[in-house]
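Below sits a lone chain in structure tokens, taken as the form predicted on its own.
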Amino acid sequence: MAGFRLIDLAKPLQSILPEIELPYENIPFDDKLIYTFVSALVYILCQFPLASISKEHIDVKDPIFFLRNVFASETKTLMEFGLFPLISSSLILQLMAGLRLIDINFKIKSDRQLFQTLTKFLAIVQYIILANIFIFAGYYGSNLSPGQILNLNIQLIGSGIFTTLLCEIVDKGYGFVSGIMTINTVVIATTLVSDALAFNQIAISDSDDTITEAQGAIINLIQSLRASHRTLMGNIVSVFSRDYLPNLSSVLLCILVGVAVAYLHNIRIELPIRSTRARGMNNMYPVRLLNIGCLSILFSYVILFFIHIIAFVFIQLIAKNDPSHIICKIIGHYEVVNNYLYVPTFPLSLLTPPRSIQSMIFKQPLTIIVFPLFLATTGVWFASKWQAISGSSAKDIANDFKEQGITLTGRREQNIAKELEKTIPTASTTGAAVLALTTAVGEFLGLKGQAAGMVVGVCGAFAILEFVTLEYQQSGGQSMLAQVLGGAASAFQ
């Protein structure tokens, strides 16, 4: 087996797995814009409820409720596992390649194709494994018939393959940036809007006199002023504190987290640079605090997802969530909350954000230390490795400076890498630590995964905006859409 490489396992799969063809010609700016946002819209519209779910009472509830917002997943729909398999396989394989744990040369086209095929295959394998874990754990009902199990597998795995191809459309050059980033950002944004302004009425009582409330917190605030099932003061308190539907406090906190991340995104250190080829050509080179974006948070939540899925297998599949079982005594068990959440007990609860401040203080006091420490440790480690292997290290930037005839003002050309080494790694790790603490504070206030979702969404939105702006400038401003919008704006003036 001399000369065998891990990516060689993907060679037989290239002719089997479905693939999106590369575009035969350059895609115009407007077409890329359409491909990008239509792909995200299609993903949102595909969140259909699953068929073949048992209509009887289901005892097994959602064990990953606080992870769904980060990975654009929706419980008991075709998008049950969202983008998690795609994000995890992509991040882990790229990290392994950068750390030389996988022998690959990205300068060779065939190696790049094998790497993409391997990433896609591992994502599909994860969809298969996750689907069957949830099916046999009883998440969709107990005593399912073989036909129901087959039907659920077809839906969950088929939607996973469809999601993979949907992201690949954008990745192959038909759209902007990354398909995963685009879809995740748009889904997080629509979730926030839905939590605030959704009109649909949700039944909150099983009695004969069914009581409904609006899903959107702001709409619920308006309706509560004339609701009769509580007093006026009780309705107002419920608007800000209800736990079974989005409340106004969580919406406002999400907005505050988004504003904080936007502020952090604009923090930078500017290094003076000059041209070595022409006199008087001086400028500033910005080093951002969040120069690796939200990848550190995504990596931390990928690890959390794996930890909780493995725990779910042991607790639910093996121990049947029996508190007296030896496994449950070691890693904890699940308690049903609000009839739809599976909340773990100690010690697994240490890696689960609390549902509220009161729950954190009285039931999960150690979580105040363990959870942010976990996010910060994994995030900082990832940031230190990623900036070194992603082409944005001090050495890589120093080489770019040399090729472009640029040097730091007041520094010798031979010392550029050493000077940059003092700034770039520190900015990467500090940014990862600050994002981890921002996320942890938001989760401690009872956002149940929405804080991490806002961090990912805001960072993704800035990345998309920057890339679209750059693409628009490179296209020479040739956009029919921009002309139409510009003409419409001038008509209103």
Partner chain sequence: MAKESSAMDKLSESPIEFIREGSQFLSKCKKPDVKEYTKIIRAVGIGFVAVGAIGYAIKLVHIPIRYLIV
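Numbering follows the first chain given and starts at 1. Every value quoted in this text rests on a predicted model; they were computed, and no experiment measured them.
There is another form of this protein, the form predicted together with the partner chain, and it is not shown here; the text below is about that form.
- Under a 4.5 angstroms non-hydrogen atom cutoff, the partner chain in the predicted bound form lacks Asp171 among its neighbouring residues.
- Although the partner is absent from this view, Pro63 stays clear of the partner chain in the predicted bound form, with no non-hydrogen atom inside 4.5 angstroms.
- Contact between Gly98 and the partner chain in the predicted bound form is found at the 4.5 Å heavy atom cutoff.
- In the predicted bound form, the partner chain sits beyond 4.5 Å of every heavy atom of Asp111.
- Only one of 195-203, 304-312, 242-250, 151-159 places residue heavy atoms within 4.5 angstroms of the partner chain in the predicted bound form, namely 195-203.
- The putative spot formed by Asp30, Asp59 and Tyr140 is not touched by the partner chain in the predicted bound form; no residue has a non-hydrogen atom within 4.5 angstroms of it.
- The contact with the partner chain in the predicted bound form, taken as any heavy atom within 4.5 Å, belongs to Lys385 out of Lys385, Arg411, Lys363, Lys329.
- The listed set Phe346, Tyr285, Phe136, Trp381 contains one residue whose heavy atoms approach the partner chain in the predicted bound form to within 4.5 Å, identified as Trp381.
- Shown without its partner, the chain has Met454, Gly457, Val458, Ala461, Phe462, Leu465 in segment 449-467 as residues with a non-hydrogen atom within 4.5 angstroms of the partner chain in the predicted bound form.
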